[in-house]
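Okay, here we've got a single chain as structure tokens, the form predicted alone, with questions on binding and movement later.
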């Protein structure tokens, strides 16, 4: 059996809000006592994680005094130094406090928009203080229940204005920091602006400094919309915008479940891991997921270990898939190209277009040809089931 022990080079990270989740839901009270940020750092070190990420208020309560904030930071820093855990990413909570009930950057109230910018600048300072180099923006309340309440064009313009402002702030402070935008279709709002990774990628190109801004796609958020997560990740990678990624699992069309990675759709998780490993993605593998409400903190550790173990098992399966002789032969046949069409394809020229217009192509013969995809998919299933 292979060794599935997580190592620092795997860059597995968890948020304070993930392993620190106390099991509260809309229908039930907490089932686990809260732990301090420092205690959660030690928990993550025990299970073998590489790093820990946080919202500003995961670390420092929103109403903490300056003295209380300094004491929390000292304890947190000591835990990081003792364990060796890193802080690769940070973010701002712009959704929990009642002031954000109608959004932060998109609020109709300019006082709310000003407070959101103020809070984010301070949170950026906090993240950088602990070494974060990626800063995630999730617009949890940036949306509506009724489109009578907010003009969508104005909302888009307000988000653009805020991100341009914050990019300039980072540049002015000379921080080594990039932004990653996280899409979600709904919940906690009826509809959230920029519902998918594709929406975010289009929006980024309208910013003043698009080179500073990428995306943080999340498995559950794309699956909630019934989309193929791998395709969104591939588009982000091809655009050079995959700055961070959130791994978990989800039943399509449900509320945001944040299940343990690979626990729902193992084939989708396999092809995601295969893609990340094949292209050489070098960023964090961040698990934005929660243990079941049935668990105590030993169960939380089981959850965290399970996320990392499943990723490493699927990484091994991906290497096996790539090396399998029958799969390699099928792929060679499926992708066969004798080069005879090269003069007709690729960049346009008038000569190429003229030649292509007159090229005889036997569409009926091509249409009758089987493509071997059933066999290829079955071999994939057999690898995942462990019989190859």
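Numbering follows the first chain given and starts at 1. If you're wondering where the values come from, they're calculated on a predicted model, not measured in any experiment.
Separately, the form predicted in complex with a small molecule exists; it is not shown, and the next lines address it.
Novice: Residue 142: heavy atom within 4.5 Å of the small molecule in the predicted bound form?
Specialist: Contact with the small molecule, no.
Novice: Heavy atoms within 4.5 Å of the small molecule in the predicted bound form: does residue 95 have any?
Specialist: The answer is yes: residue 95 has a heavy atom within 4.5 Å of the small molecule.
Novice: Is residue 259 close enough to the small molecule in the predicted bound form to count, meaning some heavy atom within 4.5 Å?
Specialist: No, residue 259 stays farther than 4.5 Å from the small molecule in the predicted bound form.
Novice: How about residue 249: is it within 4.5 Å of the small molecule in the predicted bound form, going by heavy atoms?
Specialist: Residue 249: no contact with the small molecule in the predicted bound form.
Novice: Pick from 69-77, 218-226, 205-213, 156-164: which stretch has non-hydrogen atoms within 4.5 Å of the small molecule in the predicted bound form?
Specialist: The contacting stretch is 218-226.
Novice: Which of 243, 303, 138, 193 has a heavy atom within 4.5 Å of the small molecule in the predicted bound form?
Specialist: That would be 138.
Novice: Note which of 284, 107, 197, 91 lies within 4.5 Å of the small molecule in the predicted bound form, where distance is taken over heavy atoms; exactly one does.
Specialist: Contact check passes for 91.
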